[in-house]
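The chain below stands alone and is given in structure tokens; this is the form predicted alone.
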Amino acid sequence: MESIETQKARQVCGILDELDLDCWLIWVRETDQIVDPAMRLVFAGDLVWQSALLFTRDGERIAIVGEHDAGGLPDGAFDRIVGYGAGIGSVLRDELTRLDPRSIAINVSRSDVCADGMTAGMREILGTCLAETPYESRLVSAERLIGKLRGRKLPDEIDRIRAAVATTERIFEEIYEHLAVGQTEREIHAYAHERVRAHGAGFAWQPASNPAVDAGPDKGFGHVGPSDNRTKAGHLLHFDFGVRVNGYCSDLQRMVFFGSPAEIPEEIAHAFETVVGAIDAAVEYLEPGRIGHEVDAVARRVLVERGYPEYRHALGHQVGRNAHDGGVLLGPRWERYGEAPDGAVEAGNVFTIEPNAPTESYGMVSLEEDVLVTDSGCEYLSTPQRELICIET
């Protein structure tokens, strides 16, 4: 069976043709130290010397690598492997002269970190290699190419994301059974790590803040590690948690209340119902062709109409090899997001949907679901939380 990397490499040709690009150049060195995230989509190995991986709209896959690297490339990964000794410049120029591409997409981007893998030093070296050739002026950003390649998940990729989501949900159930009043965030965080190890999974982001464990109202909301705050009767507990299974990630948020359903304060109930309603509205609207910022606006409207301020982040990001997987963003047209919210959603994209609503007395109410965009709409990969998880005290 073909590897996912080989399957993704086969996707490149069609996307190049769709975008009217002749060639994609992945230009890297010492990849065990500085990893171009786009390279990992199509090539699982490491390269030491300066290397040029070329993909053409005609379907050619060419690797120009150091002679000591050439023997380590997986069988079938490239149609041609060209080794060099003293320097890559003349070999790269010869190959480009043969191909004579009108456009060469390279991995630089202002809006998408997953498409910005070329270092400044390597960009300078590439400029030197292509000086006095027509090809320096034909370099363009590979941002749209990489966004589509990352975003159009293959069936094997979707299966791996499903597995990561299912593992996360199983661990959540184990955590709920373990919870009690009087535990510290650090204790709960440590137990979650124990369960991740027991399931043979990895972490979708840095373990120090994964899961985020936020007990009660006196805790900074966001990418914050656990504290000595203790769970208390009548208080909320918030989780932001994601695991990595077979190289693919999940990213979910859940809310717990310490008390019976009858004891849930109206302030919490109203906020929770509003967040669920915002998620449902976004999921119902989400389908191929929707523009990222328009999807975000649907959820914001629900919150504002129910008396809550706008959340201070995007509604949702893509999930895949990384918890934040680049490409089109379901977010507002804010400066910090660049052009990511202006892109169109595509079938095969996997997004988080994560609005939140603050309460005055109990802290933030925030949920996050993982969803798959299909040809006709959208489906949940996670089991959406419709009610607060109540831990009887």
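When you see a residue number, it is the position in the sequence shown, counting from 1. Source: prediction; values computed, not measured.
Beyond the structure shown, there is the form predicted in complex with a further copy of the same chain, which is absent from this document and is the topic of what follows.
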Mind telling me which stretch in 251-259, 156-164, 279-287, 310-318 gets its heavy atoms within 4.5 Å of a further copy of the same chain in the predicted complex?
310-318
Since exactly one of 199, 193, 170, 110 fits, which has a heavy atom within 4.5 Å of a further copy of the same chain in the predicted complex?
110
Residue among 363, 331, 37, 348 with a heavy atom within 4.5 Å of a further copy of the same chain in the predicted complex
37
Consider residue 79 of the chain shown here, and say whether it contacts a further copy of the same chain in the predicted complex, taking contact as heavy atoms within 4.5 Å.
no
Consider residue 57 of the chain shown here, and say whether it contacts a further copy of the same chain in the predicted complex, taking contact as heavy atoms within 4.5 Å.
no
Does residue 95 reach a further copy of the same chain in the predicted complex if we count a contact as any heavy atom within 4.5 Å?
no
Hey, in the predicted complex, is residue 123 touching a further copy of the same chain, heavy atoms inside 4.5 Å?
yes
What are the residues of 48-83, in order along the chain, with a heavy atom within 4.5 Å of a further copy of the same chain in the predicted complex?
48, 49, 50, 67, 68, 69, 71, 72
